[in-house]
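One chain comes next, on its own, written out as structure tokens in the form predicted on its own.
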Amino acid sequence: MEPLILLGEGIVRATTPELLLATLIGVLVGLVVGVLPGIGPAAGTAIMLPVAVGFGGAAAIAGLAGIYYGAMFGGAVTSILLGIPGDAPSVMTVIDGHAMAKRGEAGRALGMSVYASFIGGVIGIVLLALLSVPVAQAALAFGPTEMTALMCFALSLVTVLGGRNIIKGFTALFLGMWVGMIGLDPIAGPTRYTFGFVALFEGIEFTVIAVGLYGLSEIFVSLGQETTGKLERYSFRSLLPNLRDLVECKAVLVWSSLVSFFVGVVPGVGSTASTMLAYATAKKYSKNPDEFGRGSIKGVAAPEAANNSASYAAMIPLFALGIPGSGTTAVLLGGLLMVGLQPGPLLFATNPDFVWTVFGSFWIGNMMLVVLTTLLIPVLAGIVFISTAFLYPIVIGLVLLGVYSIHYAMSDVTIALIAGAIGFVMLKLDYSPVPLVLGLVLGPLLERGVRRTLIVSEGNLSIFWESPIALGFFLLTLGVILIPIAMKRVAAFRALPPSL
């Protein structure tokens, strides 16, 4: 219980005017960053780094961290209303959240995103306080072999996320893995599949693909539909959140938060993989899995709880080990160094007040975001009722501006447009874009894990089953793939007429 007492003391210290102001500025900027497509928390924290460091000490890190988890809240807004992921972890929210918005339940979906984000944040903060040092030590056991097994398990979930046609799912998966290989070879160094374009040497930014694949393709499809050019009528009641959804989704919220926390604490995995795993798990163990993809409230609850819980989980390797597990935590590491602190195990011993005050600011920021986003839900949800004749030109402009602002390169805009065209074709041919995104995110991690493992073992494949952790993940992978096949065979056998 001592960590919870220390967290409580940190919350009290985080209520000073300076820290409250820094946290409020951080979460407000984070909301805006999350709402604007293509920017993402890493770019947001990097842009605000000089300003935040001016606060000094704990206030600087509280402000920067506020941008991080604030973007997790805000990323759901455009995902639900417009079908455009505000940042990478919001990709899974698009699937059911946007479907709900299109049938007039935008407020309900946004309300669940707020509830789920808050609950995921609370569980993430409590686990962060309880398990910082022990979980960080456990994460050290994940070498290249264990990471390879974990990625295989995650990629096996394409059987769940690939839609009804498994062949199409794996086709999209391999396309995503191929796109993830574009650029410099991470081990040997030569370029791959760049076709001579210098802009592709560093690979393709995930956010650029995600925005084009989900946001622009959805708009391209909608452009073929007839519009009235007038504002539609709507009921104010339809813009309000539904408290009963909390009861319906309570198990999904808790389970997704717990699973994503322990996945997200592993450096390099991040919130995006955690949300994919949470969504796949919620769908797999749902009593009505066919509802997912058509506007299931649980399809919004799972990824939104997961991405907030995982964002706090990423703080464990950062603070306890000094290892940034993502682009955003790398910026936070720079912020810690700029205020004169070296993150690592000694930080808890030499500057405990600083650590627990920052953790306390997380709790306060989480409460601020609940109030702010709840008050803004009716206003934000009203966007969905604006005629596409007015809305989509504005959205396309903001999307392309957001994509351009990532690297200030027109090549990113071109790639986003190409991704939008590919997404348009996939939607028309009934290919799910989720496996493509899964392959793009996890494919490079799998490649690096396999190659580093084989380098360590000098080509001996037995290393993959000598590790108990890796063996456990490989067995889970086989279970995910084979159990549904076996269940279908059993169901088909039972459906046969009885023999005479």
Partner chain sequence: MTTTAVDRLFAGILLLLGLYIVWNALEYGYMRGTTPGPGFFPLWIGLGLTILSAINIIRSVTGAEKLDATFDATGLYKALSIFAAITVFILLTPFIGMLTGTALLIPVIAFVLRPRWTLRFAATIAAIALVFPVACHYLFAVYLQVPLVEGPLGF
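Between two forms, the rigid core is the largest collection of C-alphas that superpose within 1.5 Å. Positions refer to the first chain, counted from 1. In this text the structure is predicted, and so the values were computed from the model without any measurement.
The same protein also exists as the form predicted in complex with its partner chain; that form is not shown, yet it is the one meant from here on.
Although the partner is absent here, P393 sits close enough that one of its heavy atoms falls within 4.5 Å of its partner chain in the predicted complex. In the predicted complex, D430 approaches its partner chain with a heavy atom inside 4.5 Å. Not displayed here, its partner chain is approached by G459 to within 4.5 Å at the level of heavy atoms in the predicted complex. The shortest heavy atom separation between G54 and its partner chain in the predicted complex is within 4.5 Å. Between the options W255, F262, F348, Y404, the residue in contact with its partner chain in the predicted complex by a heavy atom within 4.5 angstroms is Y404. Of the candidates V126, L376, M181, L246, M181 is the one whose heavy atoms come within 4.5 Å of its partner chain in the predicted complex; the others do not. With its partner chain omitted here, the record of contacts in the predicted complex names 413-421 of 413-421, 118-126, 352-360, 290-298, defined by a heavy atom within 4.5 Å. The partner is not shown here, but in the predicted complex the stretch 448-478 reaches within 4.5 angstroms of its partner chain through a heavy atom at V450, R451, L454, I455, E458, G459. In a rigid-core overlay of the protein, K284 has its C-alpha displaced by under 2 Å between the shown form and the other one.
After superposing the rigid core, the Cα of A188 is displaced by 2 Å or more between the shown form and the other one.
Positional change of L258 between the shown form and the other one stays under 2 Å at the C-alpha, relative to the superposed core.
The gap between the Cα atoms of G66 and L438 is smaller in the predicted complex, by no less than 3 Å, than in this form.
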